[in-house]
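Read the single chain below, which is given as structure tokens and is the form predicted alone.
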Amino acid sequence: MQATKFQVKVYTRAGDIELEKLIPVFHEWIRAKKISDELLIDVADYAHVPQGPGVVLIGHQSDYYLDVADNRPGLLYSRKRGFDGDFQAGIDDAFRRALNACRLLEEESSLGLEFATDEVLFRVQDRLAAPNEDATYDAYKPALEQAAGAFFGHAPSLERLGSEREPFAVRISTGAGGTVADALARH
């Protein structure tokens, strides 16, 4: 369980998103240091890619996507650099950063975004350290259950996704009907 390249995707409630509106918002996040403990560097526009990464806020430690893959738009937090805490703290941190970015996006009235808390996608972008197999699922399951329970207040249902050729991924059904702010306030 040495992997630290965690991804957390929180899905939007709305279907269609005007991705081009995110570009000035993300540039303002860089200027205003909206995420104060990270070095945010640039914004990349991939809105022209069908079911692609959308618009990306690129940082030194992590990237923030408004991702439209699988026709399921959502905020995708992706840690690129190592995490200094323990395994559980690393997973909790990834959830917290994803939810915090969702909260910041919801506060941008020009976007009209709202994020759901009933389902979250968790991935590890390191197939060597976290192969997509049963043993990895067994190792991650308790930490994912603990993080989801702490943030969403319900015992989650977990489902491993994909094949061994794909990154380790888990769909987490939380059963939560609250807001992103509610989830952040719990943990």
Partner chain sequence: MTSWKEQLGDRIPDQLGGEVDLFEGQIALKKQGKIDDKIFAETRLRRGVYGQRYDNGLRDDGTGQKTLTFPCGDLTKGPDTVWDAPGMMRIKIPFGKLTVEQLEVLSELAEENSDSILHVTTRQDIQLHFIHIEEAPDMMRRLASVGITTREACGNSVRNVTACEYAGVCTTQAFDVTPYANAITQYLLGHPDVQDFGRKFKIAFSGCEDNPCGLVTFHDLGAVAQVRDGKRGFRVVVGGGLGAVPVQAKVLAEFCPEEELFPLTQAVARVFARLGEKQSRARARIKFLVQKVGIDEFKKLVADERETLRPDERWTAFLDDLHATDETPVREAGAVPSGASAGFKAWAEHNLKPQAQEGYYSAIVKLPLGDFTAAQGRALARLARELTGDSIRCTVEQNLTFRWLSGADAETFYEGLVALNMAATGAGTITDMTSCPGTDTCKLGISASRGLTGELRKRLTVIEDELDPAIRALRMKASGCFNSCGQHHAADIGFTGVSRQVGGRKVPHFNIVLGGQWTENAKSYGLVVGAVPSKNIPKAVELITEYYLANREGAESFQAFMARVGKKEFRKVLAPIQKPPSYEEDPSYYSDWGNPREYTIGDIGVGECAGEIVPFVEFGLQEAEQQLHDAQDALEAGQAAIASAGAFKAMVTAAKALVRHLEVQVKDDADDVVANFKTHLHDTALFHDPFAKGKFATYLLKMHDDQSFKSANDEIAHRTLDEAQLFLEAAHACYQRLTEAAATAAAAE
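Positions refer to the first chain, counted from 1. Quick caveat: nothing in here was measured; it's all calculated off a predicted structure.
The following text describes the form predicted in complex with the partner chain, which does not appear among the structures shown.
A residue is said to contact a partner when one of its heavy atoms sits within 4.5 Å of a partner heavy atom; G177 fails this definition for the partner chain in the predicted complex, lying far away. In the predicted complex, D42 approaches the partner chain with a heavy atom inside 4.5 Å. In the predicted complex, the partner chain lies farther than 4.5 Å from every heavy atom of R13.
In the predicted complex, at least one heavy atom of P50 sits within 4.5 Å of a heavy atom of the partner chain. Considering the partner chain in the predicted complex, the lone stretch of 114 to 122, 26 to 34, 154 to 162, 139 to 147 in range is 26 to 34 [heavy atom distance within 4.5 Å]. Taking the partner chain as positioned in the predicted complex, the residues of 148 to 187 that bring a heavy atom within 4.5 Å of it are, in sequence order, R165, E166, P167.
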